[in-house]
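Only one chain is included here, represented as structure tokens and corresponding to the form predicted alone.
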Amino acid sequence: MTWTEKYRPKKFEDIKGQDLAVDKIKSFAKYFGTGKKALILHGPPGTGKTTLAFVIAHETNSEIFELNASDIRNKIKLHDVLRPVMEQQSLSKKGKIILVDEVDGISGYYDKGGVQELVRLIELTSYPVIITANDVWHKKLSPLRKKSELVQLKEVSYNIIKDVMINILRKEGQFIDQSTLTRVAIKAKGDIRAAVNDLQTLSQMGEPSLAVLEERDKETDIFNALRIIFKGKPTNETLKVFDSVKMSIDEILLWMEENIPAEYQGEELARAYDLLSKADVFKGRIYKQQYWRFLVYENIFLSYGISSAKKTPKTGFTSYKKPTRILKIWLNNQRTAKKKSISQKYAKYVHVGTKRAMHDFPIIKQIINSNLSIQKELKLTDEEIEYVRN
């Protein structure tokens, strides 16, 4: 189980850094029926919008029906799926809450009356409707804003994120130094989910303090791309999904490899990995033969191909993970870079080629360690000295 799921808040008291939003949600639940029937939780990814919906369901002993808006963008589908849910009573719980997740998904090009139908259904329902959105101010969501209470979730401060990570590490019986935790918390940019994902990745590494964490905007792009490919139907738009992702195609391939099992099972899983292997074949041809026109085929297999591996669109929230191989590759490259920089300094000092110094590095390492004055003569950095000592 991912740590984001394992330590997902269950009660209001577990929600950190969103006190004002929690108070508004409690008030909405307590006085439902006297005001607006829908509440929109909006804010950046990873701030706990979906989690809060499940918390309120738990606190009020309510059944929750979750619907991802990106899967039902038009009026007919929205009516066919949501109308029966709004009319049926809960069988096992005291009440019912209807969650429409990522409402931004019905404000796109393919939307045909979806927002208007959602507004109409809200007017008819006798159950609370909780809606989540990253950008609630999209012009097509204007009718929905008028019928809903708006609750903004803000980016969580890095100090709170750091405290959350420390508590998780204590429960897991693990330790990561304070400076690394601070760096993770700051680079998360208010996204608790991303910070916890990074924390779990670092906990599996031998040298977490050396890891370089990517900026959050880069990861937001890839998370959105994964969601479109894994959740939605393959379309011509799917072919363009990686255009806005600020990553190399090689990194994207690693992300796909890591997260396919999170969505696909059985025949779908086998089909998806088969298509991924075909993308890897074209990657090899590109590097070996320099046939860069094959990039288009690699992209097709990674996007439209893997999206088409599923029999039906997926629903619900899935926690995608950063591939650990990226960090391991980086660490290996860092070690190679130090070895090369030391070899270059040594080669220049004794007038031999760098290639030869790299080849003789085990011996050179012993020579450098044998005398501190040699380290000073070569002007080795603290990191390079630490490298030759290990």
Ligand SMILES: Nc1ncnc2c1ncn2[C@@H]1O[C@H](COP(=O)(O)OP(=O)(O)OP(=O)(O)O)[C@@H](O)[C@H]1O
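These numbers were taken from a predicted model, which means no experiment stands behind them. All residue numbers are counted from 1 along the displayed sequence.
The form predicted together with the ligand is left out here; the points below concern that form.
Is residue 318 part of the interface with the ligand in the predicted bound form - any heavy atom within 4.5 Å?
It does not: once the ligand is placed as it appears in the predicted bound form, residue 318 has no heavy atom within 4.5 Å of it.
Using a 4.5 angstroms cut-off on non-hydrogen atoms, would residue 102 count as touching the ligand in the predicted bound form?
Yes, residue 102 lies within 4.5 Å of the ligand in the predicted bound form.
Is there a heavy atom of residue 323 no more than 4.5 Å from a heavy atom of the ligand in the predicted bound form?
Flag for residue 323 set to no.
For residue 377, is any heavy atom within 4.5 Å of the ligand in the predicted bound form, or not?
Flag for residue 377 set to no.
With the partner removed from view, which of 190-198, 122-130, 170-178, 282-290 is the stretch that lies within 4.5 Å of the ligand in the predicted bound form, judged by heavy atom distances?
Of the options, only 190-198 has residues within 4.5 Å of the partner.
Only one of 134, 152, 203, 308 gets a heavy atom within 4.5 Å of the ligand in the predicted bound form. Which one?
Residue within 4.5 Å of the partner: 134.
Stretch 30-47 - residues with a heavy atom within 4.5 Å of the ligand in the predicted bound form:
Counting only heavy atoms within 4.5 Å of the ligand in the predicted bound form, the contacting residues of 30-47 are 44, 45, 46, 47.
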